[in-house]
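Take a look at this one chain, the form predicted alone, written out in structure tokens.
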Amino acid sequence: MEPPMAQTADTAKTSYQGQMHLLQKEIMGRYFERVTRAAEQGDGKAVFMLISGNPVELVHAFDMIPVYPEIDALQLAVKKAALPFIQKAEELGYSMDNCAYVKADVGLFLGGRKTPFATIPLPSLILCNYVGCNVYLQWFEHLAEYCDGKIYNLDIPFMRDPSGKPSPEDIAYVVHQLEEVIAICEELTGKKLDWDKLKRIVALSGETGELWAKIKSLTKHIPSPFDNYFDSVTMMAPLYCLRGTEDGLKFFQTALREMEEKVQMGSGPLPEERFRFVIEGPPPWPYLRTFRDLFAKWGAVAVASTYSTVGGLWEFGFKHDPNRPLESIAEHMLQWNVTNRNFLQRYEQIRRYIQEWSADALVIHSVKSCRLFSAGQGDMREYFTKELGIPTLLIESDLEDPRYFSEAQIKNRIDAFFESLEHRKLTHKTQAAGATL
């Protein structure tokens, strides 16, 4: 029986498209056109990189094109085109348990590199900015073998100190590697690094990160002006592909204006905000809209998410510094992204979100093929439920592989959770009323 207070999925479906979404399509369309020109006309040199803590500022400084296999893989999933590429990789011997991002990208790479959104160029440099995920190290080594490409593995030490800060030796170690990357880029492009240009790019990254932090802080308002999970993924693509460019800065200026207007009008992404939750884990990209609607029917809005910090944590004070460009990039890679932090730091990040963003609950989306995010999430649920008394829901599917998404099963879990949350709210309200009599 349908819970009385829940809307049906059909009535809850609304247009999530705002000015920000339209501008994102425009500027990301131009980005993918540039990627395609590099593939089909040899116009530009591509650098393959990973999202987590990437040094995209260096790539832009040499007018090279950042290409992210993770973004290519998730775009395939969103367009429901990933499964044939995943199966191609499995036919080649990749295990069912391998990261589905890896399998989709390997299948794409060996299957012609043509997608519905772009043709992917061969890389001039495979820059494995190894932050947090050791699977990705093998992923990029495989790509290098498949195309006989030049590879550089940037080794980023994990945060080991209880203070959560990198040591001066850690920073110097990463800066030295960045200097080696600069030498490689100079050799590939035939030009010396323009340090003034790099500083301008790092300054743009600093402004962009600051705007992104302001935007995310707006979801502390009630109602939240946007969903800090489903709408944040719209903003993450420009943040990673276009950070350090004028296009990227313009996008975030537009997004901030739009969200501030929503705050002033008291409007949010849903007709009524009834629940505020924090969510942990990547989304199920092949069923992103379906997943969103399962929460929307309950008037539930994500006010914060750990996934939106995989490429960088700006909301707690970090800002790229153009006067220390390499040190600043190194600090971003070492300290200021969730994937290079230990589990206790992740707990603290989530706890702050729940308290400072006034959330009612925590939702953990555990994905089968991402050990980085999923390992330890059972303990995480126990900690937040039993130690902190925060209602916590754990649901499972996958971020890329559509074979692991069961809509009926997830719907039942989400409905039962919000039904109990509804009951909890009514009980607290009744008790509070009784106490005042």
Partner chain sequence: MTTVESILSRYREPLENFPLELAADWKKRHADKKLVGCYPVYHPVDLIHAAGMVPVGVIGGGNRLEIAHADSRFQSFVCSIVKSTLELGLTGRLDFLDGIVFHSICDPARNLGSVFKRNFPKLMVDYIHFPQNMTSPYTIDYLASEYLRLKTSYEALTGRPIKDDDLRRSIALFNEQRRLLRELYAIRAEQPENLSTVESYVLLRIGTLMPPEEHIPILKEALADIRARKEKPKDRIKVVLEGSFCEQPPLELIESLEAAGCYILDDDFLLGWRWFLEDIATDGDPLRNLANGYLRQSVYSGVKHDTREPKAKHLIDKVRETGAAAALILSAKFCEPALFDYALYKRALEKEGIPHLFLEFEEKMWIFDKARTEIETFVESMLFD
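Values in this document were obtained by computation on a predicted structure and should not be read as measured data. Residue numbers count along the first chain shown, from 1.
The protein also exists as the form predicted in complex with its partner chain; that form is not presented, and the subsequent description refers to it.
- Taken together, 46, 249 and 331 are entirely out of contact with its partner chain in the model of the complex: none brings a heavy atom within 4.5 Å.
- For the chain shown alone, residue 132 is a contact residue for its partner chain in the model of the complex, at least one non-hydrogen atom being within 4.5 angstroms.
- For the chain shown alone, residue 377 is a contact residue for its partner chain in the model of the complex, at least one non-hydrogen atom being within 4.5 angstroms.
- The closest heavy atom approach of residue 344 to its partner chain in the model of the complex falls within 4.5 Å.
- The closest non-hydrogen atom of residue 242 lies beyond 4.5 Å of its partner chain in the model of the complex.
- Between its partner chain and the residues 266, 112, 93, 84, the one pair within 4.5 Å by heavy atoms in the model of the complex involves 93.
- This chain is drawn without its partner chain; in the model of the complex, the residue among 272, 196, 180, 148 with a heavy atom within 4.5 Å of it is 180.
- Proximity to its partner chain in the model of the complex, taken as heavy atoms within 4.5 Å, picks out 382-390 from the listed stretches 382-390, 22-30, 406-414, 36-44.
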